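Next up: a single chain in structure tokens, the form predicted on its own.
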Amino acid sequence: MKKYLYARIFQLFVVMLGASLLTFSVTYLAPSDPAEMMFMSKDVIPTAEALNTAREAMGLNKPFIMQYMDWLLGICKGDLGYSYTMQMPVADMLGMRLVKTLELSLFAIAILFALSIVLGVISAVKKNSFADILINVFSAVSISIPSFWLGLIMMFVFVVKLHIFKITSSEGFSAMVLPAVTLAFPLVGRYTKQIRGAVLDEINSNYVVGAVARGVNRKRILFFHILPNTLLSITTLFGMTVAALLGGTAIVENIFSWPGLGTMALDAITYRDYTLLQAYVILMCFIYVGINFIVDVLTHIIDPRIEMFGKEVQSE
């Protein structure tokens, strides 16, 4: 297990290093001049002398490798740079926006699991019944609906027509309802099908048949044996869902004017704030790689029999 952890941590380091090099290279090759964009964000037309002074101060006159090393060293020290469009340190901006995205993501995950577990279990227990058919139709519709279309429809119905919710504020529980439902709804169908299939596999297994033959209560079998054993099948899917939500769903956040990572990234692209954009990409890479690492470890903890790197892992 220790060897596996060390190997995975080394892989994480290599992936992050490669992502940082690729991110910096793409922004370095971008046609816009960061110094000129800084002046434009302040509605100032710079002179040639002012541009040269700004480039010198920003280190843009250094060779590529030196610029990259300075930037990478700053990241390792926690210095992500300064956002000239937001007029504040990038680290502070990321911290504030990550909190808002985290709030929205946790609410969406709660809705997702509350619906998908109930629907998936009902669909499996009542296989081929009218309820099962209805849930399967709902799942298909859920998977097929684009989140941006759903968000616009919900805004039109609940904000414009019914006046139940408002989107003028991002504070409070009610402000999260519509964007959280918009994020969760397209995922409910996928999770419902996954849970249904996992529960059906467990229902037909030998230990369930034996427990039923011994007269064990069916609800006890379902909640204390079948459901815990379905965790492994949805762990990977759940990990990627968490990573995607924490990564910031730009379209949904933009529709509902939610001040999360997604809207921040769109603003950085619009105003060509390369420092902010670089930090955002690095944060997203770290979230995806980190969540993938956690999922792999949890998968092995849940079922130590799972092979890693093609070999059976022995506990040390």
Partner chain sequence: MNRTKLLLFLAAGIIVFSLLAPHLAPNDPYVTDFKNILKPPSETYPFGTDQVGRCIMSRIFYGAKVSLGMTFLLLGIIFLTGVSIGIVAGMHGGLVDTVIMRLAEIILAFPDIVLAIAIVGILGSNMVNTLIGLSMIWWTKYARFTRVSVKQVMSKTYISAARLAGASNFNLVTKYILPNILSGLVIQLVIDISGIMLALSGLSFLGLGVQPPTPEWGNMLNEGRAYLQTAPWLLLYPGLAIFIVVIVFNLLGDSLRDSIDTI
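Numbering follows the first chain given and starts at 1. These numbers were taken from a predicted model, which means no experiment stands behind them.
Omitted here: the form predicted together with the partner chain. The next part is about that form.
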Problem - Thr27, heavy atom within 4.5 angstroms of the partner chain in the predicted bound form - result: yes
Exercise for the section: Could you confirm whether Phe156 comes within 4.5 Å of the partner chain in the predicted bound form, counting heavy atoms only? Expected result: yes
Handout entry: Proximity of Phe107 to the partner chain in the predicted bound form, heavy atoms at 4.5 Å
Key = no
Exercise for the section: With heavy atoms only and a cut-off of 4.5 Å, decide whether Ala19 touches the partner chain in the predicted bound form. Expected result: yes
Handout entry: Listed range touching the partner chain, judged in the predicted bound form by heavy atoms within 4.5 Å, from 34-42, 273-281, 47-55, 61-69
Key = 273-281
Handout entry: Selected contact from Ile226, Ala124, Leu246, Met93, since only one has a non-hydrogen atom within 4.5 angstroms of the partner chain in the predicted bound form
Key = Leu246
Completion exercise
If we test each of Val216, Ala131, Leu102, Ile143 for a heavy atom within 4.5 Å of the partner chain in the predicted bound form, the one that passes is Ile143
Problem - 4.5 Å heavy atom contact with the partner chain in the predicted bound form for all of Ala184, Ser205 and His300 - result: no
Handout entry: Heavy atom within 4.5 Å of the partner chain in the predicted bound form - qualifying residues of 191-210
Key = Lys193
